[in-house]
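Shown below, as structure tokens, is a lone chain in the form predicted alone; questions about how it binds or moves come after it.
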């Protein structure tokens, strides 16, 4: 046995495992790989279909369908079966949780669309439409949610189904939801964000056993938390005059419970966008607050969002994004046209925004 071990080849050192974004080209449709970076033009034959033509004459069609961000195994297998039987076995997901089926034969487009629609996957989301809502995890997967992002998305997209399938908006409309105030989300034409209105309620009996107190103190962005001894046990206390109810303390210390069925509300923000191709990026501003966190359909939130979209659709000029429309008509007219009540706590015109808004390729000051 010892002789056999000695005769064996010396063990090879394991190569380091490189992490990061994988090379996507091995997963692309062969026609996309062949014409990578060599496209002549793109067009949209109909809502939900993108047509790509290469300089060499090759043509590719991308059929976009709306899907939920978090899918069960049955749904994934169903989409894969559709890709194998009605497309060419190649799909990709967009950053807004849509799936695109890639085909190189125009004859496959209509049967593919028919099968997707029959299976409950609406085809659309291209051009001047309401895109699928980008969202965070919510109750299913997040450890700090104040609401359920996935549920709000489902409820809203049921209401905006036709605007997803048609291209009738002045420009594209991006929506997002965030299940808390501090982690996920991003700039969007319309965003739904949880709004805590009361400071955390501390369970002092659990803090010493569950929380690393220095971490909790350091996490507070306004220095409202400090160590304290309560009933002879090490704990934490909150200066409520400083607390801005952001919920940043809850993830490292669940005994600092901030979620509340009555006092955790939802707010609507409008006018944000990341793009700076034709105009500078813009930050969202709050236009509605104190909406009930009313699962599972959130009717009050849906009513406000649908109203804003309907007024924007009727009043904006062609190609105006929502922020551009508001800039043209002004905030007073925005609140008049939408019928939303205005208070001093809405939008944002504080003097410090000069530094925050210095985020464009077009201007520096």
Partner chain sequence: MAKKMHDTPNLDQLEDGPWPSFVTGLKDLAKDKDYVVDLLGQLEESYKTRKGYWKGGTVGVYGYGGGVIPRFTELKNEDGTPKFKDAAEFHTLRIMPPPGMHYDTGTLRQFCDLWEKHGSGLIAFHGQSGDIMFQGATTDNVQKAFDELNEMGFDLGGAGPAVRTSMSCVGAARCEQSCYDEAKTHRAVLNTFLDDIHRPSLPYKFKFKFSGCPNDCMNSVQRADMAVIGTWRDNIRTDEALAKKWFVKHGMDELVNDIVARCPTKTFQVKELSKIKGGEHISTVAVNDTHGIEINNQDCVRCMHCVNVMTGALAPGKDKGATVLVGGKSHLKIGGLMGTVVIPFIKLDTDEGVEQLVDFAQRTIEFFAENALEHERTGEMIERIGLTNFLDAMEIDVDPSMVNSPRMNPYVRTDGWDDEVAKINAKKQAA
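Positions refer to the first chain, counted from 1. Values in this document were obtained by computation on a predicted structure and should not be read as measured data.
Form predicted together with its partner chain: not shown, discussed below.
Note on the partner interface in the predicted complex: the residue among 340, 329, 50, 302 having a heavy atom within 4.5 angstroms of its partner chain is 50. When its partner chain is considered in the predicted complex, only one residue from 313, 46, 306, 297 comes within 4.5 Å through any heavy atom, namely 297. Within 4.5 Å of any heavy atom of its partner chain in the predicted complex lies no heavy atom of residue 230. Under a 4.5 angstroms non-hydrogen atom cutoff, its partner chain in the predicted complex has residue 95 among its neighbouring residues. Taking non-hydrogen atoms only, residue 187 approaches its partner chain to within 4.5 angstroms in the predicted complex. Heavy atoms of residue 276 reach within 4.5 Å of its partner chain in the predicted complex, making it an interface residue. Stretch-level contact check against its partner chain in the predicted complex with heavy atoms at 4.5 Å: of 105-113, 134-142, 233-241, 196-204, the positive one is 134-142.
Residues of 63-83 lying near its partner chain in the predicted complex, listed in sequence order, are 66, 67, 68, 69, 70, 71, 72, 73, 74, 76, 77, 80, 81, 83, the criterion being any heavy atom within 4.5 Å.
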